[in-house]
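First comes one chain, alone, set out as structure tokens in the form predicted alone.
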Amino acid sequence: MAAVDWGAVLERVKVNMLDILSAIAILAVGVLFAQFVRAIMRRSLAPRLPPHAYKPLENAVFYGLAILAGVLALYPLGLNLSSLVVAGGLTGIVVGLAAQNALGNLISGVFLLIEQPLRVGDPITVAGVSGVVANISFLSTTIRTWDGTLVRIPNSTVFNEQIVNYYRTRARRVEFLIGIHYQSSIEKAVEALMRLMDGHPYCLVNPAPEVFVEEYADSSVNLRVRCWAPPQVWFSTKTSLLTRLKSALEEAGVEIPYPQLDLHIASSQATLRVELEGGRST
């Protein structure tokens, strides 16, 4: 019976223990690094993102680093990482080609959540769609239009389009055009309109309201009416002013005209037939 070479056995065990300890050390350092990155994200990124958007991002970063540490920890145990790299690279190419649009939307969603050009509840116009932002996820943004329809827009489209955010401004201008009769007094009309806006609770004092002659049209003198209101009450302010405008002008003796046409007959010998109500004609 051959004698057991205990020295060689102990040497192999010693080598294996060193490999195992190295793998454990790499794994521990990787997990600690992942926790460090997560702590930085919680201090710098979490206050800027909504919870439903931040939590998946944190989990993706943390577990991604932990898995990378686990793969690196296999190297001291004799695993050939080159085969994993090749297999992972081929898999990544296939998945990347299959999910190119989704990846673009994901990256755009992260940038939108970091930059925050729009938030849930903001009235906006983007990609030809106007309404209130109902939800922002990593892949898409959902807008509830003014008539209540939900429209889902991919984040890559939102990120590349011009975004008009009506809520971020401190004041939004209310503006409309009103025509008065040529025989009415422009001064009285201006005074009545200024008095209407000065008495409205949401028309701001600064910037001040203004009324001026826009143009002398065919049937009326057109006045441009402007004031500023908080964006939250912009629509109600505009509808309120338009509703009360006619009464304010009537009280001031200013007439809002119908479209009219002056007819001039060139020849004095021409006969003009006029038909009156009741069927009689002259």
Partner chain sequence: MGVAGLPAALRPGDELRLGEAVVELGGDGVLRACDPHGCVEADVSRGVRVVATPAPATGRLLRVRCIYVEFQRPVYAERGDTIWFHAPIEVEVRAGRVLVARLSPTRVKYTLVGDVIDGTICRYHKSPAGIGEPPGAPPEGCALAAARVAGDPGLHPGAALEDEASLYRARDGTLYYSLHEVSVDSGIATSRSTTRPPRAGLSLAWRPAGRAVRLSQAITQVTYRIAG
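Residue numbers count along the first chain shown, from 1. As the structure is a prediction and not an experimental result, all values here were calculated from the model.
Separately, the form predicted together with its partner chain exists; it is not shown, and the next lines address it.
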inquiry  = At 4.5 Å between heavy atoms, only one of the stretches 146 to 154, 176 to 184, 124 to 132, 195 to 203 reaches its partner chain in the model of the complex; which one is it?
reply    = 195 to 203
remark   = Exactly one of V31, V233, I256, A46 comes within 4.5 Å of its partner chain in the model of the complex through a heavy atom, and that residue is V233
key: Contact flag, N101 vs its partner chain in the model of the complex, heavy atom cut 4.5 Å   = no
message = Against its partner chain in the model of the complex, would A171 count as a contact residue? Criterion: heavy atoms within 4.5 Å.
response = yes
